[in-house]
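Let's start with one chain on its own, the form predicted on its own, as structure tokens.
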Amino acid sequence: MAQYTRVSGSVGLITLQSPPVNALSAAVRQGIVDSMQRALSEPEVKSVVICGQNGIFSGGADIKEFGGQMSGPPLIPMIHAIEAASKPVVAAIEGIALGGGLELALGCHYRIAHSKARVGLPEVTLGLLPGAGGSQRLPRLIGVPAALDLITTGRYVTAAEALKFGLVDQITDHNTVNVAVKFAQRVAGQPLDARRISTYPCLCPPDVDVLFEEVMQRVRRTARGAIAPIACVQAVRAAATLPYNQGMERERELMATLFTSGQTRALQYFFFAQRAVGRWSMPSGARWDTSKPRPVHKAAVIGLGTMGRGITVALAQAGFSVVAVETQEKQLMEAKQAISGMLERGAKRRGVAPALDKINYGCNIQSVADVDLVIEAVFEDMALKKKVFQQLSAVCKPGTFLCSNTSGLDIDQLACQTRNPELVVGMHFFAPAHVMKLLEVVYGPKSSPLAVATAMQLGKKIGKVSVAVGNCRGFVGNRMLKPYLEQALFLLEEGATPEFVDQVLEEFGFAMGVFRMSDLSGLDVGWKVRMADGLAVPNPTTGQATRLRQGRRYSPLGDLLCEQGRFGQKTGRGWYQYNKPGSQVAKPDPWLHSFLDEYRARHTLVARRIDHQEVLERCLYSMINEGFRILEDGIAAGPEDIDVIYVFGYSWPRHRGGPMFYATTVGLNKVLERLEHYHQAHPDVPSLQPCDLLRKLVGSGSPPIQKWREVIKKVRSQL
């Protein structure tokens, strides 16, 4: 709803009331329409101020209304009526004005913002465009280049940046509503024709066609198949080339196309999935709302390699006091320099002072004695990590949470090294740790809800999307990655090339194909793990790498490259060749093609033509199948957890919703049928054998993803 009051004798104050973010629901829109009519009809009222309760202007449209029949006054005529009003209307922006909230403010004649407010048009992140005049008014107000940037990226801007653009008329550190009311009194009675943005000409740079062509090429490249950013460019082009009314009609047409697209459904699903993962639960039934986290004031990071440095930066930037420990003196000096540089660059981007004073460095584990929480980030070696946890248990004060940044080792084994195993959890960051949004919080059978809640809360405070997952080899993300990588290798054995497989996956929407990603990460990382597992070893009788391990198919291709010293970008050779070590420009390598031909000949494999569809089905469906096994095992609470992990941690294209949601768009019966087909062709590949949960879901009529948990509960109870 919207509350109407008269203040200062002559100002009608309309307060949006729809917690938590004053979304423009049907009731709020009706309240605005009724309040505006009242304000315009009262002779005593000379001007109007629109604000939001609880220090928030408006977070935009009510997304829950998107799935059904819209009711109440439509947004576009309401905004047009405000703009056409005979009395000045001032938007008092506090907190946020996003999406429809900013479009409402653009319909007002003036905009006053608090200095800490943020504004933006993030509709593109939901697969839409600003469909209430935002794509037409914003370019007229701030110019085409700036409008293209904001609308195609969906990024938020600060009040200071908004003032610089000309998006707001004034910013204040004081009570924004009071400032807006006084402003409204001053402008009462002044002509309004020059304040109606829809009447503004759209000032375009002289080379506007070149500008739009360049922007469209860039957007196509970065969108990776998403259609909303392209539609945003087309809408802004309409603002630049058409009269306002025709531009609005073009905006409406583009919006109608997007609104019914599968991509929009996927992005809206993902919007709610992000919120669902915050409502974590453990098998004991413990939940976020019943497990109060303990405050963390001082944290420690043990090990200052690549991951430890990134974690230290993330903690310091969030305001935590950090003890950073590295026992090797040379590594410690290098880490200090690297961390300082990362903090200074990050601070420069954000326009703040670098948090250098938040970090105390040490070379002795004794220096973490008084911290509240420790994150161990030493090399991924179980024996080494066990030793560190034994030391931490002896050194740290009682009640200190002990966390490991392991990417897949058994958290329970680490917990067993301590006096208080209930205080041990995994905090699996993703590289670079100060940039990547994902954090897997891993609980073992002994982890307490308090420890999980504290780690989840810490993740939130440092800007991560935290997902609680159970303890198993590889947790969720890396466990699902294993069959994906295996299938890519098998495809090479059967006739594909690395560049073809990568091309198919990148056209699907991944930022990097599997082989380019491996070259970036370093082929030696996985090689060391396989050697530790006893997999990357030649046949003792022939000396050749065999294609069978532990009764199942195995591809030694990655091991053979590592034996040649081809570790990827770091050595200038891997699945691709590079101009020099450290270069990022991947080029097809004739040597590798010859190597694959020789490999196939040695193992009597006949190369065959592999098409796009087979690459997608074998790589993606094997990954999805493992996702169903994870749900069946109770490692992830629901499909949303898996999808959030894959979008934020593994560059799964957001506009496809995540691997589990993608399975619903393909059709669960189709996924099952194709897995059965490939498993018959490759019976020695267990990851292709359809999971029981997938069969159960198909047998239950392939219910929508929101209903899967009911089926999952039944399957788990039968195990």
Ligand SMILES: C/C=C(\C)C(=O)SCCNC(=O)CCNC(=O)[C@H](O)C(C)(C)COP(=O)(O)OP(=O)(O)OC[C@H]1O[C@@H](n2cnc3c(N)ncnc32)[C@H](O)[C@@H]1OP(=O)(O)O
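Bear in mind the structure is a predicted one, so any value in this text is a computation, not a measurement. Under this definition, the rigid core comprises the largest set of C-alpha atoms superposing within 1.5 Å between the forms. A residue's number is simply how far along the shown sequence it sits, counting from 1.
What comes next is about the form predicted in complex with this ligand, which is not displayed.
- The site is open: after superposition of the local C-alphas, no atom of this ligand, taken in the predicted bound form, comes within 2.4 Å of this form's backbone or C-beta atoms.
- None of 585-593, 115-123, 377-385, 433-441 except one has non-hydrogen atoms within 4.5 angstroms of this ligand in the predicted bound form; the exception is 115-123.
- Under a 4.5 angstroms non-hydrogen atom cutoff, this ligand in the predicted bound form lacks residue 599 among its neighbouring residues.
- Residue contact with this ligand in the predicted bound form: residue 20 places a heavy atom within 4.5 Å of it.
- The closest heavy atom approach of residue 61 to this ligand in the predicted bound form falls within 4.5 Å.
- Residue contact check for residue 128: one or more of its heavy atoms lie within 4.5 Å of this ligand in the predicted bound form.
- Shown without its partner, this chain lists 279, 297, 174, 350 as candidates; in the predicted bound form, only 279 has a non-hydrogen atom within 4.5 angstroms of this ligand.
- Scanning 508, 156, 212, 527 against this ligand in the predicted bound form with a 4.5 Å heavy atom cut-off leaves one residue, 156.
- Interface residues of 248-277, taken as those with a heavy atom within 4.5 Å of this ligand in the predicted bound form (partner not displayed): 255, 271, 272, 275, in sequence order.
- Core-superposed comparison between this form and the one not shown: the C-alpha position of residue 700 differs by less than 2 Å.
- In the core-superposed comparison between this form and the one not shown, the C-alpha atom of residue 104 has shifted by at least 2 angstroms.
- Taking the rigid core as fixed, one finds a CA shift for residue 556 smaller than 2 Å between this form and the one not shown.
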